[in-house]
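In the form predicted alone, a lone chain appears below as structure tokens.
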Amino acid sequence: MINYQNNKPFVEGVSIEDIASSHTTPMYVYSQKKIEEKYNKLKNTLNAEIFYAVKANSNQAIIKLMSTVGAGADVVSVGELERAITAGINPNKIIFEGIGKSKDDISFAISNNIRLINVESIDEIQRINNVAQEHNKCIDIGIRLNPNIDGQTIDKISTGKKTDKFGIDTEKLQDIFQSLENAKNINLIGISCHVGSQIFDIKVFSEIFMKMKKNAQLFLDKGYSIKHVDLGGGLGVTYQDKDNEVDLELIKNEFNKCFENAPYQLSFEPGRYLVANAGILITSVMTIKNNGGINFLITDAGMHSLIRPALYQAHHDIEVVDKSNSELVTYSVAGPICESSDILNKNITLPKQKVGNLLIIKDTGAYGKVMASNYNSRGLPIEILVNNNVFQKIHQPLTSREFINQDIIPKWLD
């Protein structure tokens, strides 16, 4: 997403230095063009419905952008559902997932006439039916199945194995059928699955397609009018230049071969694939020190700004903005948080740095700002969207005073 003009980094037609000169770091910067390119590539290759997984990046501007290019929304909480509606996603293009929906959550979804509520447990079938009965409506639902497929990814982002908490085990189809028979206020019209993130192995996608086709046929044979089959997300993206992105053409071949003349609509629910490589985190060097022979760059971004390295041991390439110094030094880049795990990258070679220099942490458009926190009572990063030669702030965090004022001290402590 970064291009260089006269050895200076740009996002689309905007200089990163110009953005940083007008806003404080740390800050997330997104490329509208990059997001549009990724969506169009996916849509044109697979020729299926696309529901953006809002959890990857839930900024209102990003959701609105997804709406303008034609995507629906896949949400996993009532908060994300409200965000999608507020950003202008047509309720008929919203799917409500999530393994922990309250009665109020379900009621909100029903009141807003969304396309589908996807059931993730057998007891949820009756719960949704009861709420639908209270609304005096018959509502459409889908069943999220757990196909017991290993996505060949790390355990923390695996969602499709029998031992994961998501979906309903496909071995319990008879229990599903029995529960549906007693639920008169719901109408089953779809099935879905999602087996995890960062899937690159084409064999995994092929297995997903075959199992979901088989399961759809089982429902059709029982007399259910299956109109939608959602095949999840998980399309692998690159976080290092040496990595290869998932091959969409190979997925397309398996997809077309499996679902030729399918009697239902097919869809995917990508999040990371659409936005991860379209975002960067810009941070400033606050302190330079050497401890035990390790050269540390202490930055104003840390695990409170980007938790993925600490939580998942995830890798993000880091570049410098000013490349004028030809002397190279090996650094470990660390944040300001009082945790030893607050390391953004270790043992990387960069031009020699000085306090105040800007660093670029790459590929942070997904699970970056959306997972940020105020830990250590530090502020959240701002967010910027670039479109051609213009940029605009799309999130202004609370000030420290506004953040503190959200707490309430009981009168008896005065």
Ligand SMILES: Cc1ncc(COP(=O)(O)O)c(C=O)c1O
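All values reported here derive from a predicted model rather than from experimental measurement. When you see a residue number, it is the position in the sequence shown, counting from 1.
Heads up, the form predicted in complex with the named molecule isn't pictured, but that's what we're talking about next.
In short, of 323-331, 293-301, 233-241, 176-184 it is 233-241 that has heavy atoms within 4.5 Å of the named molecule in the predicted complex. At the 4.5 Å threshold, heavy atoms of N146 stay clear of the named molecule in the predicted complex, well away from it. The named molecule in the predicted complex is not approached by G167, whose heavy atoms all lie more than 4.5 angstroms from it.
Although the partner is absent from this view, R272 contacts the named molecule in the predicted complex, with a non-hydrogen atom inside 4.5 angstroms. Contact annotation: N277 falls outside 4.5 Å of the named molecule in the predicted complex, judged by heavy atom distances.
Q198 is the sole member of Q198, S284, N215, N129 with a non-hydrogen atom within 4.5 Å of the named molecule in the predicted complex. Comment: the named molecule is not present in this chain, but in the predicted complex one of R378, K55, K34, K362 has a heavy atom within 4.5 Å of it, namely K55. In the predicted complex, the named molecule lies within 4.5 angstroms of a heavy atom of only one residue of 95-109, namely E97.
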